[in-house]
Structure formats: structure tokens, C-alpha cells
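Presented below, as C-alpha cells, is a lone chain in the form predicted on its own.
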């Protein structure tokens, strides 16, 4: 995909434009997000504050990293691209951010991840039950934010987010089920379907909510959903690459974290399907109950030699090209969607 668009900042390229949009989104959404989280009860509120980086484990104030705000930025950028007022969609953006963080709290428990955003995960600090309960409360809070929004699109938005969460859960269940199957038994098509549900659905929902809040018609809403889903697959492909080759200093996770966890990520599944000697070497490493640092390096090298890294990078570019095609159906004059295109460039070029 050729990315020549910018975001209205003549000084910046797409990456700088995306950074500006993400910063503005965080500034717009965070006050509402904080106020909304304050409505949670007692210990649940404390864990949510810790998860977002606003507090230390002992309850003292912190200036932590609440995440990149990609999903709420998609809501606001989609609203603007379709001629709406992004300020009217801030509640929807907040709801999307809450739903995303519900999934993160649960993912960290399921994957037994020890760190997120360069600090211990909530479940390692407060225990598994409290982390799960806080995630549940955050999901309900997301739906309440939309249900209480007086905007005329809120009812459709709430129903769409609820359906998205169900799809997201189906994707997570499929991902977990893969763990009980031999590495070579998981197909690329199954893995892509899982990734669309687990990651693409929420990005698609974010874009669809933006379209709804702009007053767009059904065709435009569905085109924006399709844009977000394809961008979400590209996002997951890049995320899977980072899970193998990402710098721990930037990711906040151990080197080769996905390999250590024996995750059947998209580059791994593509490598396994190559039928090469490297694929068999990788399968053998995955059959071992654990990998030390040397084994992790061998596994990463095997994924690369079997073509998994190149395949994932090529797929990410292809998915973004498809995303832009869908976007052009909703916004024929792509100049109006510069910020969405800048975000698309950001997710395929990020390193963490």
C-alpha cells in the first residue's frame, strides 16, 4: 500500500499525524474515562485505576501509560471522515476503550502474562479472581456508557458493541482451543478467522460506531466496519511479529514472549505450513514443554527461515490495501479520511 496521505499537519508525515491524533484522542477521552471508572465500586475501581496506569499497587498516584488509544481514535477519526462532529462521539470512544481494556485484563490472565506496559499485570498484583471481576465490570461499564448516551445513535451502537464482545469472546475461545492441538494441525485459515474475531472485530466496531455517530447510512457503516476489520488483521499480524521479534524495552514483555508461551500465532502457523526443514525444527521446539533463551532464539530463527516472517509482513500490507478499498466505499474522497489512513500506516509500521 502506498501511504502518501497526511493528517492536516503539513509538517508531519503519516506517522507524525497518527501520533498527534492519538495524543488528541487520549486528551479528549481520558477525562471521561477517569470519571467513568470512578463510578466503579471499591476494590474494582482500585484495580481498574492500576490497570490504566493511574495508580501504583499501593494506591498512590502514578503517571503511567494508559495505552496507545488506537481504538477510540478510530471512533473519532471515522466520525470526522464521514462529516460528523468527533466531540459528539467521545462517549462512544470511551466505551470502546473500556471494552478493549476488559479484553486485556482477561487476556493477561488467560495467557499468564506477567507484564503489560512495563509493569506487573493486574492479576499478578491483585490475584486472578479480582482481575477477572474487574474486566467483567469494565465490559458492563462500556455498555452502560452507550446506554446512557442521549445521542440518537447510541442504541444501535450499544447493540453493535454487545455483538462485537460476543464475537471477541468466540475468537478468544478459539485461540485457547488451539493450545490443545498439535502445531501442524492449526491451519492458516483457522488462524486468520480467529484473529478477525479476536482483534479485527473490535477495530471494525470502533469504525462502525464512528460512522453511526456521524449519521451515516447502513452501507457506509458496514464499509467502515470492513475497513476496521482488515486493519485489525494487519494490526494482529504486526502484533504477532512483535511478539517474536519485539524489543522488550519497548514492548514491556520478555523477548520472544509468544514463543515462550508456545502461542500458535500467525507467523508461527504460516511457518509450520511451509513443509520445510525449518518447519519441522520449529514443530519439535513447540513439542518441548518449555523453551530456554537459546531455544527461543532457535525458534525465532526457524520461523524466519520457514518464511513465517515474510508471509506475515506481506499479509499485513495486503490487508491494509483491502482496508483502503473498503474505506473508499464509505469515503470516496479519501482526503477526508487522512487521519484514518494515518492510523492505518501507524499500525503497520509500529514496533510495539
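Residue numbers count along the first chain shown, from 1. Since this is a predicted model, take the numbers as computed values, not measurements.
Only in words, not in the display: the form predicted together with another copy of the chain, which the text now covers.
- Annotated contact segment (heavy atom within 4.5 Å of another copy of the chain in the predicted complex): 103-111, selected among 268-276, 86-94, 224-232, 103-111.
- Interface membership of residue 170, defined by any non-hydrogen atom within 4.5 Å of another copy of the chain in the predicted complex, is confirmed.
- In the predicted complex, another copy of the chain sits within 4.5 Å of a heavy atom belonging to residue 137.
- Although the partner is absent here, residue 158 lies within 4.5 Å of another copy of the chain in the predicted complex, judged by heavy atoms.
- The closest heavy atom approach of residue 141 to another copy of the chain in the predicted complex falls within 4.5 Å.
- Annotation: in the predicted complex, residues 186, 293 and 314 none come within 4.5 Å of another copy of the chain through any heavy atom.
- Distance criterion of 4.5 Å from any heavy atom to another copy of the chain in the predicted complex singles out 132 from the list 242, 132, 192, 260.
- A heavy atom within 4.5 Å of another copy of the chain in the predicted complex is found for exactly one of 65, 35, 43, 61: 43.
- Scanning 160-192 for heavy atoms within 4.5 Å of another copy of the chain in the predicted complex gives 162, 163, 165, 166, 169, 170, 172, 173, 176 in sequence order.
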